[in-house]
Structure formats: C-alpha cells, structure tokens
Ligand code: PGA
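First, one chain by itself in structure tokens, the form predicted on its own.
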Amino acid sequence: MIPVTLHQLRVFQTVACHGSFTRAAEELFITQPTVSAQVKQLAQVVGMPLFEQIGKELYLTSVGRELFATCQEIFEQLDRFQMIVADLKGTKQGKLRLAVVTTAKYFVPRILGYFCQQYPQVDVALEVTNHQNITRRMLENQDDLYILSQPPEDILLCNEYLMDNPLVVVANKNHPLAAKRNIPIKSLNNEAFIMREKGSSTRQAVQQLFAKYKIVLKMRLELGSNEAIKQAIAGGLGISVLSEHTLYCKSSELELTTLDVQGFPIQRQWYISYLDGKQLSVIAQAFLKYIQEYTQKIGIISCPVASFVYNRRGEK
C-alpha cells in the first residue's frame, strides 16, 4: 500500500465518528471539499470504497470499519506516547477520556476542575450519558475511565469503589406523606411516579425493588434528566426515586424532601471502572489516583476502597 498521511487518517476517523463530511469539516476547521478530497485519496490508496451513502445517511463499508478500528489504535498509541514523553519531562500533558452516568454530573465536574487546576495541560473529553450508552461505549473501548453505580457484569472490568450512592424517594414538601415516618412500602402502590428513561440504572434498581415487594409502578411521566424530574416533582406531578447526590444543588429552593419509606434508601455505590487488561495512559492513572484520594479526603467513603474484576459469567 502507498503510504498514507496521519492527516488523511484523522480526517477519515472524524468523518466516521460523525457520519458526516460537514460535521467533520467543522470539527477539523477545514472546508468540506477538503474533507471529501482527503477521504477520496485515502480510498484510492486502499483500493476500495470506505463509505457508502444510502439516502442521506453515510455508512462505513466493511473495509471502512476495519480502517476505522486501525485508526483508533494508531491515535490511541500516539496519544499514549505523547503522554509518556511529557511525563518523562516532568509534566502531565495529554487527553483524558471520561464517560459518566447522568447522576455523576453532580460531583464529577467539580473533581475534574480541581484535577485540571493541578494539571493545567490536561484536556478532558467528558461524556455524560445513561447506563445503557455507557455499556455500549465500554464495548467499543471509547474511553479511558468510566464512573457509574452498577458496572455491567458481562464485560471484563476492573472496578474500584469510590463512595456510597443511596437512592431515596423524593417528593414535594407539601406531599401528604412528607410528614409521616416509617411509611410502608406498599403505600407507594397508589402514587404517581416520575421516572428516568429506559436504560437508566436508577430505574432498573427501582423496578427490581418494586418487583420484590410486588409494588405496581404507576408511571405518570418519563424524563431523561434528573433536573427535569426535580422540576416536575416541585410542580406536583408526582414523586420519584433519585440518587441522594442529585439533591445537593438547589433542592431546598425547589421545596423537595425525601420520604421515610421502608426499603429505602436503596444502597448502591459509585465505582470508577476501566476495561480489564487496558493499558491506562499516564493521565488516566493520574486521575484514577486523584479521585480516589479526593473522595477519601472529604470523608464520604464508608468502607475501604475495594477492587474487583468480573469474569464473563459475572462472578467476582
């Protein structure tokens, strides 16, 4: 094969990520004709088409998918090399790719801010999404580290405990149950619930608990944002189950409260995870150490940091 340039590979990779020549051009700050020309030249070198267009959608061909995987490996290795060189020079420089579940946005950005103050030459790509998409990203090896409360058991992972993540029943302060204590869980049978979307680990935890006690989940509203759920609760549309971490910001202004319901809080934990066998970059190792020390320092860890690896059968 005639040698190709890193620039051509970067252009191709960006088009493949976005599925669009236009969006790739915008990200790379070059013109769309330049993007098209670079991809065309690369396809000529390969000797086979890299993309096919069906209607308005752009898809990778089989050889395009192979080249995309190769590009991912090439640029990951180059990034790692640059970080190693910077580390040898006594600096931390490079990119941290971090994906977190939606609820983690209530504490992760603050920790990232402190980390970046200590290492100002580190760039961060932070993806905030639900548990289902986190699992997909793991399978595609898109990130260095993941922060979530329920690591998937069918993926080989190294999981390190960070802190507790209790799930509580949240209601408007004027709700009839707000003044009661030790509320029987059966009382929730008649309540209208506002729930996260399918794929949310919080929703899965609630469904599992309700199935155990034969509680019928009367879902009035489904929302993809914890903030939207809190606003809906404040508006009297129903109650919900949320991570206690979501209540740290402005919940008093919204006049929300937690209900003292039997079976709650649902005890869960936050973990920081990475693929088993993955060679973490210098930056990823630095952040892993930093977040562990930070969570211990602020005194919110209730048990020692524990690491474990799931095998393919989900056994610890």
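The first residue of the sequence shown is number 1, and the count goes up from there. Model, not experiment: these values are computed from the prediction.
We do not show the form predicted together with the named molecule, though everything after this point is about it.
Item to check | in the predicted bound form, the residue from 200, 187, 231, 82 that sits within 4.5 Å of the named molecule by heavy atoms | outcome: Looking at the other structure, the residue within range turns out to be 200.
Item to check | Listed residue (206, 170, 98, 148) with a non-hydrogen atom within 4.5 angstroms of the named molecule in the predicted bound form | outcome: It is 148 that has a heavy atom within 4.5 Å of the partner.
Checklist entry - With the partner left out of view, is residue 102 within 4.5 angstroms of the named molecule in the predicted bound form by any non-hydrogen atom? => result Yes, residue 102 lies within 4.5 Å of the named molecule in the predicted bound form.
Checklist entry - residue 278: heavy atom within 4.5 Å of the named molecule in the predicted bound form? => result Judged by the heavy-atom cut-off of 4.5 Å, residue 278 is well away from the named molecule in the predicted bound form.
Checklist entry - So in the predicted bound form, does residue 165 come within 4.5 Å of the named molecule, heavy atom to heavy atom? => result Yes, residue 165 sits close enough to the named molecule in the predicted bound form that at least one of its heavy atoms falls within 4.5 Å.
Checklist entry - Does at least one non-hydrogen atom of residue 245 fall within 4.5 angstroms of the named molecule in the predicted bound form? => result Contact with the named molecule, no.
Item to check | Region of this chain that lies against the named molecule in the predicted bound form, out of 173-181, 129-137, 112-120, 213-221 [heavy atom, 4.5 Å] | outcome: Of the options, only 129-137 has residues within 4.5 Å of the partner.
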